[in-house]
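As a starting point, one isolated chain is supplied in structure tokens, in the form predicted on its own.
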Amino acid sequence: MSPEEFRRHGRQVIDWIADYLAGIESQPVMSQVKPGEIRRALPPEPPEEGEPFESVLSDLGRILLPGITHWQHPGFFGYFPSNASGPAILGDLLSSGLGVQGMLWVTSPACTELETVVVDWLAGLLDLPARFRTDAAGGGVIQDSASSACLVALLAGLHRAGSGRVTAEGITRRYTMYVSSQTHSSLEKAARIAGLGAAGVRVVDVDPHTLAMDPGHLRALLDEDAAAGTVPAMVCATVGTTSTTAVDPVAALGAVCRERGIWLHVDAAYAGVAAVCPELRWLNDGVAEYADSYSTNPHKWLLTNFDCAVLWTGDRAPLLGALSILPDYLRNAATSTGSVVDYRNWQVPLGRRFRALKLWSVIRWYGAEGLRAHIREGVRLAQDLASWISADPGFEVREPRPLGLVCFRPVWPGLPADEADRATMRLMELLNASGSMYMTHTKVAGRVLLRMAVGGPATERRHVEQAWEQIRWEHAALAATLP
């Protein structure tokens, strides 16, 4: 494809994306296709001769688009937001156009140095401690997701807990990691990858009301495990759990970790970016004093399209000790001086994309005030939704609900708990099949709750109102059919 052909087709692609985003509300939120339907519509063999790019765009609209669940739809309330925005999309396009492989400083100094600046900017916007800055003892790095960030944090914690022996010799004794029942499943996966195994994951009790990790039970488990000869590698506190946005008491957990020299990682994948708003910086309580590492995802709620997760550490030495390997083919003068950051040592893969461009584009386009306005709007709409649900005797809202997620349950008078939960799931299936909205569920104390996560860039008050009215209508219609 010549530069002129690229120019022509690039304009077609930009127009296609702009038209898609402008008309996304007309699409069903959840894909309506059946398993295997997309595959059957595609040729079983690749083309022998090249095809016009117009054919690619044609098949994108004709075959693939029906198989897309539209995460940017204003009626998408499932999981957590996965924000995309114009400046982020354009930043990603620039990254693809430059074709940078930023594994070493020398392979593109701008790739590395822009990233150090952008993660420092973000740390400042979130009011994170100065020791997390890349011009201090610690620093930040953009990972693909919080799952990778948590794995890297665990590897650093293991390196420190074993005084480097795990890195050199492998797992030669039992190490443990401490989570709660509300911690994201990626932490157990990290434990499996790192060699702790599922048996090395210790589950700390939570407060039955707030679902926050219990520092007293953490202390008891640590005492029990110390008596058994195990070595604690890491405690993971969560700020904004996936299920209900519960917030673990970082300061109290951190005090326990400090007493025993245990690595404390704070997983704030969803909620962390909300600290861009000064009134929400209570989310950071205990982080400055106790966190060894901290991660949050701009690709969830900060208008930066996937993938973009940021991991900070207060001391980069254990992280680099766990992950640095320098074969001869990567040696170069800049690395040898020790004066540059080589981000390949801050992650599991060797290669890395120029992800900083899209985060840089977002921060420059929106500015701090634009980012704050986006977060505040999501919180405000969620508060409005919760107030409407609370005022309806046919529903119950789960408290607390500090951010953009509302968890609630329809009331099914006269039905036993298990039948009521089945009815709730049926209600969710009907709502999602309608095409006008999409939501997900969770379980608390064995009971099903519906989750509505508000925070999409295109979601306005009218979309939340329409979703709530549809929920009420479908609930009444389904209730009328039940015994």
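Residue indices: 1-based, along the sequence shown. This structure is a prediction, so every number in the text was calculated from the model and none was measured.
Below: the form predicted together with a small molecule, not depicted.
218-226, 315-323, 265-273, 86-94: which one contacts the small molecule in the model of the complex at 4.5 Å, heavy atom to heavy atom?
-> Result for this chain: 265-273.
Would Thr230 show up as a contact with the small molecule in the model of the complex if we use heavy atoms at 4.5 Å?
-> Answer no; every heavy atom of Thr230 is more than 4.5 Å from the small molecule in the model of the complex.
Wondering, does Ser293 line up within 4.5 Å of the small molecule in the model of the complex on heavy atoms?
-> Contact check for Ser293: no, nothing within 4.5 Å of the small molecule in the model of the complex.
Taking the shortest heavy atom distance, is Ser145 within 4.5 Å of the small molecule in the model of the complex?
-> Yes, contact at 4.5 Å.
Does Ser186 reach the small molecule in the model of the complex if we count a contact as any heavy atom within 4.5 Å?
-> Taking the distances in the model of the complex, the answer for Ser186 is yes, it comes within 4.5 Å of the small molecule.
Could you tell me which one of Phe408, Phe80, Phe76, Tyr343 places a heavy atom within 4.5 Å of the small molecule in the model of the complex?
-> So the residue touching the small molecule in the model of the complex, by this definition, is Phe80.
Taking the small molecule in the model of the complex as the reference, which of Gly240, Gly404, Gly139, Pro298 has a non-hydrogen atom within 4.5 Å?
-> Here the answer is residue option Gly240.
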